[in-house]
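In structure tokens, the next block holds one chain alone, the form predicted alone.
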Amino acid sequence: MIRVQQQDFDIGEEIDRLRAGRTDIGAIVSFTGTVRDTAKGAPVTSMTLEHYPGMTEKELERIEAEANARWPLHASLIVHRTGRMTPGENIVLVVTASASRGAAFEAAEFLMDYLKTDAPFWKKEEGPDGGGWVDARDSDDAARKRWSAQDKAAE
């Protein structure tokens, strides 16, 4: 399940809803990304996330479907916020559920690596001295590429 929304989310409620009535789940892994108060040593007072409605949801659905094809997940969830947020606020929630922890951990990490590189979101950070759009990071690209390397090694 994926959702793109402006309003905040309650992590506990999201996990409870995901596992409601399920007794086949042995492991639930969650990752929550939040707005930091600094970036590259400079203060951050707010962050704005923009996206292309329709395109973004389609890409998140593709990423989630790929995770479900790679690992034996019983459930998964991606909630990603857009709009203006301030330090300490939630940005993204990824939850994976499986019979065992290995699949849940790997799938959650895979989803986050793909969200950081493939999902069409644009981030602008603002501080006391102004603001600017955030460029892609080489470390995110490297994390994403390792999944492709694992695919090639398995062939």
Partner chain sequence: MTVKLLYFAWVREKTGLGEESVDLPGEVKTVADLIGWLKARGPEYEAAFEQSDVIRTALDQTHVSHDAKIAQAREIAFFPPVTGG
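Note that the structure is predicted; figures quoted are calculated from it, not measured. Residue numbers count along the first chain shown, from 1.
Below, we refer to the form predicted together with its partner chain, which is not included among the displayed structures.
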### Query
If you check in the predicted bound form, is M55 within 4.5 Å of its partner chain, heavy atoms only?
yes
### Message
Since only the chain is shown here, I'm wondering whether E59 would be in contact with its partner chain in the predicted bound form (any heavy atom pair within 4.5 Å).
### Response
yes
### Query
Would E50 sit within 4.5 Å of its partner chain in the predicted bound form, counting heavy atoms only?
yes
### Query
With a 4.5 Å heavy atom cut-off, would you call T117 a contact of its partner chain in the predicted bound form?
yes
## Note on the structure
Only one of 22-30, 89-97, 38-46, 64-72 has residues with a heavy atom within 4.5 Å of its partner chain in the predicted bound form, and that stretch is 89-97
### Message
Within 4.5 Å of its partner chain in the predicted bound form, counting any non-hydrogen atom, which residues from 117-138 show up?
### Response
T117, D118, A119, P120, F121, W122, K123, K124, W133, V134, D135, A136
